[in-house]
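Consider the single chain below, provided in structure tokens and representing the form predicted alone.
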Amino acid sequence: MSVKVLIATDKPFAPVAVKGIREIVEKQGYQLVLLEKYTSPAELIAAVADVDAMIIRSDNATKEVIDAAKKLKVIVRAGAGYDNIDLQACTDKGVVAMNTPGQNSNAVAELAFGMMVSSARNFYTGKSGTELKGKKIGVHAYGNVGQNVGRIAHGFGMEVYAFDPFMTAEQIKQAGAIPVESVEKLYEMCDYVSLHIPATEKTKKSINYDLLNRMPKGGVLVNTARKEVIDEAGLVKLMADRPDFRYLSDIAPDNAAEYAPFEGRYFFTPKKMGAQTEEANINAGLAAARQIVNFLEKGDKKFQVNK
């Protein structure tokens, strides 16, 4: 009986990505199963019953899903973030959970700059705007996405600073940014802050009123990370207290209606949009398929995110 690989995507991969995944999977003698545009968790739970491996995007791999997948050995999130996977449930069942870091990085970074340029030009309303050249940008977390933000920022003539507790000052320098010793200092000195931290128990709601209020006049927060890392009530209060402050994000917060009084100072995409490019779509999907094959055939756990 052949290995069965499920692609479960509420937001489907591009057809060319599915074709590429199929080629990788079937070349190995595996069977590919598709579940696209499903409308309820029950459909996903039913689909996982007899699969050995699974590729998801922003789909929620809950404990119920993992428990229902009796044969599951590996699940790969096609993308960098993996807070939509119940890692403990995977660990309890001996399932290896992986992500595909770096595959969406340029797409996310380019979107961050698209939003920054649009905001700096007052969303093209005809009102005089500002330029990015000469401004200081702070990159909060200098991993794959953050380093792409730094690369593009240099092209705009910006001064690039970075804070990352998991990198040494020398590593940050080698990756093209000026290291900053604390997160507070990063926000104090930078006109723009581009946010790239994951959503963990430690980081959720960590971007709060006190931290953001350290930013200089005209400060702009750009969030292409996760909405959960923002203290939403604190940010709304800051927007009310500081008419100079702007917030740009590639996903609408839960309290989006509360931003109505701040028209012209915020922007949200209707859905999580950072990785929504044809190139990123293909890159992440193919990487996920290769990682599944490498794990099942060679035991390669390089991108495992649960232990």
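These numbers were taken from a predicted model, which means no experiment stands behind them. Start at 1 and count along the sequence shown; that's the residue number.
Another form exists, predicted in complex with a small molecule; not displayed. Remarks below refer to it.
- The small molecule in the predicted bound form is approached by N104, whose closest heavy atom lies within 4.5 angstroms of it.
- Among heavy atoms of R214, none comes within 4.5 Å of the small molecule in the predicted bound form.
- By the criterion of a heavy atom within 4.5 Å, A275 is counted among the residues contacting the small molecule in the predicted bound form.
- Of the heavy atoms in G234, none are within 4.5 Å of the small molecule in the predicted bound form.
- Although the small molecule is omitted here, in the predicted bound form all of R57, R77 and R226 have a heavy atom within 4.5 Å of it.
- In plain terms, the part of the chain that comes close to the small molecule in the predicted bound form, with a heavy atom within 4.5 Å, is 57-65 out of 24-32, 39-47, 239-247, 57-65.
- Think of it this way: in the predicted bound form, the small molecule has a heavy atom of just one of G81, G176, G143, P179 within 4.5 Å, and the residue is G81.
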